[in-house]
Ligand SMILES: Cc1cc2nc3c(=O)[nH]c(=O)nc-3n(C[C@H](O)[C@H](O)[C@H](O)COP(=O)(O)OP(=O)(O)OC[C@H]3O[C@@H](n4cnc5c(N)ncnc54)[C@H](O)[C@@H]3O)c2cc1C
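Below, in structure tokens: the form predicted alone, a single chain.
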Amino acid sequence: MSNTGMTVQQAIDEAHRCMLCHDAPCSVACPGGTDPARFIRQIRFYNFKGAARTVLGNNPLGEVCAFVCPTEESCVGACLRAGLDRPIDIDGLQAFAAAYGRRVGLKAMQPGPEKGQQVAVVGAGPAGLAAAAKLVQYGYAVTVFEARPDLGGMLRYGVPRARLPIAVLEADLANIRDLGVTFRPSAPIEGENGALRLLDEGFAAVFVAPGLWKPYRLDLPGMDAKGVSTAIEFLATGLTDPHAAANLVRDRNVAVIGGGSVAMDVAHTAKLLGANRIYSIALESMTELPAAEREFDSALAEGVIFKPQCQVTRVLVEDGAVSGVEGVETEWIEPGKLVPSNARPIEGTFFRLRVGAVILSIGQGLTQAAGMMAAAAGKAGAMVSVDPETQATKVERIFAGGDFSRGAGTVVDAVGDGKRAAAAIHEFLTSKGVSA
């Protein structure tokens, strides 16, 4: 699927391929409620401004989602046109509509009549941004507390610019700023009672979405050697200090442990920064790799060497630095159960690779500060428990969403959480008559 550079004629031609389904499955399948069927129909009938209004009004990160969402797993995957030839290029049309709105200066979101109540949002990632935008549209004064110096969460610090141009992120952020959301960067909310303190400070409700920033590591020999990094660390450094990231991988073979979309981002970034051979070593088979189709295809095109159904058992070290990895092939004890504890080594399948860097991409969890907030919301040491319909936690007036409640997920899932939480907060505050 293409998501950049559609001309007007290309967009019209693609929109004319749509079958104008009743109860369109593409719209039903969008977790963020962007309503693809509506904006495709609007493009088809030359209402480009209306299409832009649909995209940017329904989804505060409408342009971002056109670039980064694995649409083959949602709207594109549900497209009935695929039964005839190929699905509609929904992400391409969404990017076209959003870019058109940006060019004409469209303001698709407007603040609602002031209610005189303040709501706090913890985390300026996709869920927090979506919640903040929607809450202002309901009329609340919203302050977003972000631990890092810049806004966007993983969109800022984890997605390569080849997948998400910085201008696209900044455009969606500008639309949210223009609503009047107050942002407080470099202002972490920490401690078990962090969210409760915000209530004590006068906020009528709190939406907590700090994301997952603690990378998982493996307890293997050699993991403390120079040249071992994690996906979160490497990608963030690649975006903020490319020279330092290049020093890790340039002219070296690189072992990326993991086979998900983030691992593919790591491989792509390493390639751009001058790595030689790049290996993706994963427990899953080639048909089970969790990477989104487009990221997997890009990695293949860039020459990434996949070693599926394999497990690294040791990092080799020379003079304190990574010199290679050893491992074995594996098989699932119980077919279809894709968890590390279900993998067992196959005798006689030892392998050794000469590499100069190892980058772990096996997931991430809650930082200590976020974990303490989760404990306060009723579930220590794990993702916070929420009502799936409202994103409400067990603590009244505290709501949560994004990766903080569901585990690592897509941007559009996080947007859906934020919008759902904002609606529930509005309903709760209205029905209870809560005042700041």
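One rule holds for the numbers: they count along the sequence shown, beginning at 1. What you see is a predicted model, and the numbers here were worked out from it, not measured in a lab.
As for the form predicted in complex with this ligand, it is not shown, yet the points below apply to it.
- Here the chain stands by itself, but in the predicted bound form one stretch of 171 to 179, 316 to 324, 102 to 110, 261 to 269, 261 to 269, has heavy atoms within 4.5 Å of this ligand.
- Here is the short version: of L199, M154, A343, A275, the single residue with a heavy atom within 4.5 Å of this ligand in the predicted bound form is M154.
- A heavy atom within 4.5 Å of this ligand in the predicted bound form is found for exactly one of R163, R252, K307, K115: R163.
- Of the heavy atoms in G238, none are within 4.5 Å of this ligand in the predicted bound form.
- None of the heavy atoms of S229 is located within 4.5 Å of this ligand in the predicted bound form.
- Not displayed here, this ligand is approached by A209 to within 4.5 Å at the level of heavy atoms in the predicted bound form.
- With a 4.5 Å cutoff on heavy atoms, S298 does not count as touching this ligand in the predicted bound form; it lies far away.
- Residues of 107 to 145 that come within 4.5 Å of this ligand in the predicted bound form, judged by any heavy atom, are V122, G123, A124, G125, P126, A127, G128, F145 in sequence order.
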